[in-house]
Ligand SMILES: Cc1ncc(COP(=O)(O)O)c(C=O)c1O
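Only one chain comes next, encoded as structure tokens, the form predicted on its own.
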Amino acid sequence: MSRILEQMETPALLLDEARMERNIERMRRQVERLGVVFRPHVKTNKSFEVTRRMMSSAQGPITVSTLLEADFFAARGVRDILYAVCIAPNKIDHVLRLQAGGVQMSVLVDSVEAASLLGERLRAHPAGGGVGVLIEVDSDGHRSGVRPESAQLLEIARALQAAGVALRGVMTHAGSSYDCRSAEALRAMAEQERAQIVLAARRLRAIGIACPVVSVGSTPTALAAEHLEGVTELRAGVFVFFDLCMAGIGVCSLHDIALSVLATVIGHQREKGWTLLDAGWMAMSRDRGTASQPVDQGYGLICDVAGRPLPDYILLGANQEHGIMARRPGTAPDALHLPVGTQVRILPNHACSTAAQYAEYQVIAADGQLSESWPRFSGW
């Protein structure tokens, strides 16, 4: 493998196919045990080759974070798509075009204002009646959504009803799971997510509003959930690759991380203990998600070219095209010298943001050989 990689210009995005397949199978077994529909999130991978391995059928369902993702996968035959960001007015026509083209689109609202505006636009369009609308529920105070016990939840549902729009369901994302630091805390967060969304569904049904879809999801809670009574579907995305943030939470090990950046040694600052690489923040992203975790991985964890971590070596700093490889602060003095031209692999803090810097994955097959390139896309 190394001889082939040595011919590759760096930085390059490497994908370990065997690790990815193990990660997918782990999630598949969990979904089967929980007895829910799986709606994988494609925002991390943005690749047909990766997503088709995650889907239960060629038609979906999937979750997207951008309408470009919806366009891309709709053009490849996916017919059940949830756009999991509260809908902006300037995107409603785009959703309606997708719906008119044969895609079952679902969108989110979390205010009466948005519900009324959306209802008016759907009512006026021939394809509008087919668009599903879900209310986003705030189950952990992390981001957007309405509290499940709030009066606003019922007001939104009634606003949709008044506009002639049938509510498809409720959804939530336990983003605070990224702050958990133990298996017990993860299980508790998964149960909190489940209980809060089920409460929202029960309150809606109690006033005579059907709520067929009850959707939860984040990679940490998806893998930690002990049961999902009252839930109909599960969403997750970063599990397909994992990353250092997920490893820091305890959701995976370093050996589960399927994504890495191939970089080359281009120089040294020996008096500082630095090895300079041709991969800076344009290659890794500015994401410093592990900075708030017990182990700060800098801009990424350094591995040898075979993917084995080099003890306590991280990407300590990053300029646009220069990466600074050095010992983790507080560890032993630097004794490693890698000659110019040596290749290393860097595990990312956040797979989504690192992958977004690249147009393709260089796929490492199960036999350790570089097998092919899989295109990916970016943008909105």
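Only a predicted model underlies this, so the values are computations on that prediction, with no experimental measurement involved. Counting begins at 1, following the sequence as shown.
Missing here is the form predicted together with the named molecule; even so, the following discussion is about that form.
A residue is said to contact a partner when one of its heavy atoms sits within 4.5 Å of a partner heavy atom; Trp281 fails this definition for the named molecule in the predicted complex, lying far away. At the 4.5 Å threshold, heavy atoms of Arg345 stay clear of the named molecule in the predicted complex, well away from it. Looking at Trp274, you'd find every heavy atom of it more than 4.5 angstroms from the named molecule in the predicted complex.
For the chain shown alone, Gly298 is not a contact residue for the named molecule in the predicted complex, no non-hydrogen atom being within 4.5 angstroms. Taken together, the three residues Ala84, Gly217 and Ala236 all come within 4.5 Å of the named molecule in the predicted complex, as judged by their closest heavy atom. Contact with the named molecule in the predicted complex, judged by any heavy atom within 4.5 Å, is made by just one of Arg143, Lys91, Arg158, His255: Arg143. With the partner omitted here, the residue from Val109, Val103, Met171, Ala224 that has a non-hydrogen atom within 4.5 angstroms of the named molecule in the predicted complex is Met171. Residues of just one listed stretch (38-46, 317-325, 66-74, 336-344) have heavy atoms within 4.5 Å of the named molecule in the predicted complex: 38-46.
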